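Before any questions on how it binds or moves, here is one chain, the form predicted on its own, in structure tokens.
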Amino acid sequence: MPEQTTPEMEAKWRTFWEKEKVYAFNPKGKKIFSVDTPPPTVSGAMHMGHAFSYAQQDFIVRYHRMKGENVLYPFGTDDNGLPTERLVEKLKNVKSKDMSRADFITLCLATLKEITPAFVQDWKNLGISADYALTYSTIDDTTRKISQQAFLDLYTDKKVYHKAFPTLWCPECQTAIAQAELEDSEKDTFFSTLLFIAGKEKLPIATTRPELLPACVAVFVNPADTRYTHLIGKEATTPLGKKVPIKADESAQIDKGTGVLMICSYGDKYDADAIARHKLTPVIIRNKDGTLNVAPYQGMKPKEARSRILKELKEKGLVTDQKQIKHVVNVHDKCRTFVEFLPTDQWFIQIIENKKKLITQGKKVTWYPTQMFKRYENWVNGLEWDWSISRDRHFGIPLPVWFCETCKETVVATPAELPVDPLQTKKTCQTCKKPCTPETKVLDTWATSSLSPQIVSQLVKGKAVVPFSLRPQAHDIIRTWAFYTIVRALYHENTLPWNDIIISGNVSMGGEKMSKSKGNGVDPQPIMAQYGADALRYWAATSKLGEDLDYQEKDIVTAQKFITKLKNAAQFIFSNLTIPSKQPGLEETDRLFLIQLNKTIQEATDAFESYEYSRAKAVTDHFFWKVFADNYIELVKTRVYSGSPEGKTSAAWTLSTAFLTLTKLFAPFTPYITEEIYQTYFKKQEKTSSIHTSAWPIPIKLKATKNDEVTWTTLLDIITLVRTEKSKAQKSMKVPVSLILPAPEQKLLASVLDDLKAVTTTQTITTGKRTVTILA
């Protein structure tokens, strides 16, 4: 009998898979199915969202492996960037800014070496069938070289540029960020109308950011707004006493607030555009940590300065109106801090000029579900800035750049020097021969992760190249990972990164996205320890691509019951029967049943071909429970125990064949128990080392007739009717009955009547309207 699914049994098969190299990539001969694997951020442990989405991609990977394709399914870890910095700071009780970059990088690398094996083990425990011999890190030497070379290629092609520009800035992380790293957050704030003076006239301006008054450089009015056209070209005095020009600009909306707009350096992108457009001189009042640097508000955070200024203005009667509102603001997705605009020197990849081309590229990819492409298209259409790829951090891939302060030239590394850290490598200007100043910034982590297909190709020495077969990922990173990877493939190879992309949903609890910060997080590790990884995977397979799934423990219990049922079915078959090595002559009931099995094989295969793993599981589940367990096993029990030799042999072969097929159909979802069953009962006859490299089921060659479907359906209908009548009468299923069946039904069922009588305990069948009579 198969062993119970315990942590020890799972460990046994993980060791076996690794020893036998069951999941190893072999590029020779067969078609390659290449997966651009999402590298999880090294954060300490796998969370439920990881378990959910990685299980779903693994279902598909396992199907393609059994289908006979050479699967390239590497495993990567995303250990480059801010999350790693924060984790190391927390674990080692340090601050990166208090250390030299070299020392902090050394600490990060040492810490990653300590924690990564345990982190990756969670994925192995879940049964993720990656080739763990093909592992990459987003900070290793190979990845750094690829990332830096990609930067140099785009620099040569003039798709990368360096510019001092008001950019999105996170005061908490103290780094520039990209538009894709913004999230909306609703805050309570005041919409205050402040009193400006233009000559002798009052000029009210409504704002949510009074702390920016010291940075006000102009006032805009709409040239079509007759209330204010006479003021254009004059000066206004701010509530803090500063004089600024009044300019005509259509960005001042006549019907918004008072119709007058104050322009500050910098409240948002529109301020930056307005100041550049009108060639105004910016006044920078904020430090990189977000505090103000102007008297008398030095060192204050924006919220504190806002409160202080409003209090002072109210005391002077310069706040004419105020109401509390809900205001949507941009926050950094990593730390949820309100994002500011600061002028800093940054590096950018051009994307705005290619938005149409990037939408066209996105259309060429096949999206599953199809509606997910709309998210991609909406994101690209909404882009307002080029991609900011430089970050003011310690830990990351250095930009391979130096600056000659004398010649005002940019000096880049040569390919032979890569990977290189400018802080550790001196460079001399070839023109003036003076030492160059190293660039201190590092690449945005997405600037590396977006090269994941190229990184994986390097792992296998170019045996797999873009486009890959598949990209699996979550929907919340369509705007980042999916988009940026499409950008890279277009710019570097002029092709697609992959042919297909599948988008997973989120795990929720009580209808709300699961999150530890919300207090509704559930860790997958204890669940796997209690119920087994197969049960967790079986649960994850109930959700379609792109759909969220609510976590309820009762669903895991249901999954465990399925595993028990599978083992019980195996025990019944193999403890009672001798299985013939070849297909015997089949009894009619067995042939009809196998016709239904063939339909299930085809439906499951078709579902997997379109990445509909949940449909594949659903049709297999239905067949296993409703057709195989509830009906077919009961139909042939009498033959199994006391039938003729021919009837017993036919049942034995059919039961074994169907059970092997079902075990294989379930193998992508529940790899541990199916391996246990396969090794216990089928390996000898299959002669393949693992079920996961055995052949995916194909329909059995059978002679079909036009009445097969109606015969099988009628047979099950009568069985169901008899069971229903016995249940109504509260009688045992073993109680004898007599049946009245119409003559056409008796003729149709003539070849299966013996099995029908046995399963329903029918003593007599007479002709007439279908009726069941209970005899005891």
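Predicted model only: the values in this text are computed from it and were never measured. When you see a residue number, it is the position in the sequence shown, counting from 1.
There is also a form predicted together with the RNA; it is not shown, and the following applies to it.
Using a 4.5 angstroms limit between non-hydrogen atoms, residue 251 touches the RNA in the model of the complex. The RNA in the model of the complex is not approached by residue 461, whose heavy atoms all lie more than 4.5 angstroms from it. In the model of the complex, the RNA lies within 4.5 Å of some heavy atom of residue 379. The RNA is not shown here, and in the model of the complex it never comes within 4.5 Å of any heavy atom of residue 594. Residues of just one listed stretch (31-39, 59-67, 733-741, 746-754) have heavy atoms within 4.5 Å of the RNA in the model of the complex: 733-741. Taken together, the three residues 26, 85 and 119 lack any non-hydrogen atom within 4.5 angstroms of the RNA in the model of the complex.
None of 552, 610, 156, 360 but one reaches within 4.5 angstroms of the RNA in the model of the complex through a heavy atom, and that residue is 552. With the partner removed from view, the residue among 412, 300, 577, 633 that has a non-hydrogen atom within 4.5 Å of the RNA in the model of the complex turns out to be 633. Of the residues in 748-776, none comes within 4.5 Å of the RNA in the model of the complex through any heavy atom.
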